[in-house]
Ligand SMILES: Nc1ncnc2c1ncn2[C@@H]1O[C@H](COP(=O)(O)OP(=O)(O)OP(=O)(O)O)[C@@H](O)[C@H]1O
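Take a look at this single chain in structure tokens; it is the form predicted alone.
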Amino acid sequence: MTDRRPRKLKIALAHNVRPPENERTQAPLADDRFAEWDSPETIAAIARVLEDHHDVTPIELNAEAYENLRNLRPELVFNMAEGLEGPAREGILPSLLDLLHIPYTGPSATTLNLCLHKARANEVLAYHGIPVPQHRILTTVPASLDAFALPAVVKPLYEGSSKGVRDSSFVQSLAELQHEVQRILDTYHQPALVEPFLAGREFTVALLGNPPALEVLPIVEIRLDQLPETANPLYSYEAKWLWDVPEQPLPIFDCPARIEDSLRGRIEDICRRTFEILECADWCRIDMRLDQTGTPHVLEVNPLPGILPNPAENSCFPKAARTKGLSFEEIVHRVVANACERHGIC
């Protein structure tokens, strides 16, 4: 952990802003295309924090981004840009910045693209002995249940923010499996990832810093028993964006998680190793779930974690930070300090 505050910098805040008609209070269930993009309120909140110590210019990741960055020549880019489509969309901004020799917060395009492709990330982690779910990648609808363990979870191969992970993604029959695979193929125009359902507790873990000074923030448990009675045991798009709303937040999170020290230590160790194996940088959030034996498995790695400023929005990274005693402002400044130290521009 570093408390060293960098000098005043010229910072570009790279982002994608969610269109007003796609705000979660207005968007229909079927339209999650912009779910990973940030609201104008979140972008403005981060800009205000950065402006406390730096000169800040917001830059949207669009067709003009390269020229805008080339003309501005910022000393650092605070990267929140997710891109829109394709398995390499999160790596677009870092690739442009590498071409321009401009340092940025967060990891390289290689890490971002690897983590977005859930199956490839799991294969790398499995090689290094990190527990991950088994998986199948499907480009067509299966005709039988051969090699499929049910219940299972069906999701898009390369999406985040629960895009495509619906309550119906939890499948218990061949017909449900076929329906969900077809939905992914038709809606997201990418392969479907099928994983066996892990029946244990679910957690998300925020990390801040860089090795060897990598800090694991208090673990958040996602209390799936607090979902509506008819919901499947899945932290789905509905659970994240439709049922849990600021006007009526669900009591769905325990932070710190109420777990034994031995399990906490095991989860923290897996998260630290995962961060290093995948070459994450500055910050990260890792989703985990226990299997029926109590073994923690990595479900997904989020190297560009979302941070919503309003506590009522139940954003997990700020929730873990608040439990540690870190404010929203301190998260942002710590990420900048981590990146500056890593790039040698303190």
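One rule holds for the numbers: they count along the sequence shown, beginning at 1. This is a predicted model, so every value here is computed, not measured.
Beyond what is shown, the protein has a form predicted in complex with the named molecule; the following relates to that form.
Even though the named molecule is not shown here, does P196 get within 4.5 Å of it in the predicted complex, heavy atoms only?
Judged by the heavy-atom cut-off of 4.5 Å, P196 is in contact with the named molecule in the predicted complex.
Even though the partner isn't displayed, in the predicted complex is E279 close enough to the named molecule, meaning a heavy atom within 4.5 Å?
No - in the predicted complex, heavy atoms of E279 and the named molecule never come within 4.5 Å of each other.
Is there a non-hydrogen atom of R89 within 4.5 angstroms of a non-hydrogen atom of the named molecule in the predicted complex?
Flag for R89 set to no.
I'd like to know if R289 sits close to the named molecule in the predicted complex, meaning any non-hydrogen atom pair within 4.5 angstroms.
Yes, R289 sits close enough to the named molecule in the predicted complex that at least one of its heavy atoms falls within 4.5 Å.
If the cut-off is 4.5 angstroms on heavy atoms, which of these, Y188, F275, Y104, Y235, is the one near the named molecule in the predicted complex?
Exactly one listed residue reaches within 4.5 Å, namely Y235.
Contact residue in the predicted complex, chosen from L299, A321, I46, I307 - any heavy atom within 4.5 Å of the named molecule
Only one option qualifies, and that one is L299.
Region of this chain that lies against the named molecule in the predicted complex, out of 245-253, 72-80, 91-99, 152-160 [heavy atom, 4.5 Å]:
Checking each option against the 4.5 Å cut-off leaves 152-160.
At 4.5 Å, heavy atom to heavy atom, what parts of 268-286 sit next to the named molecule in the predicted complex? List them in sequence order, or say none.
Only R285 sits within 4.5 Å of the partner.
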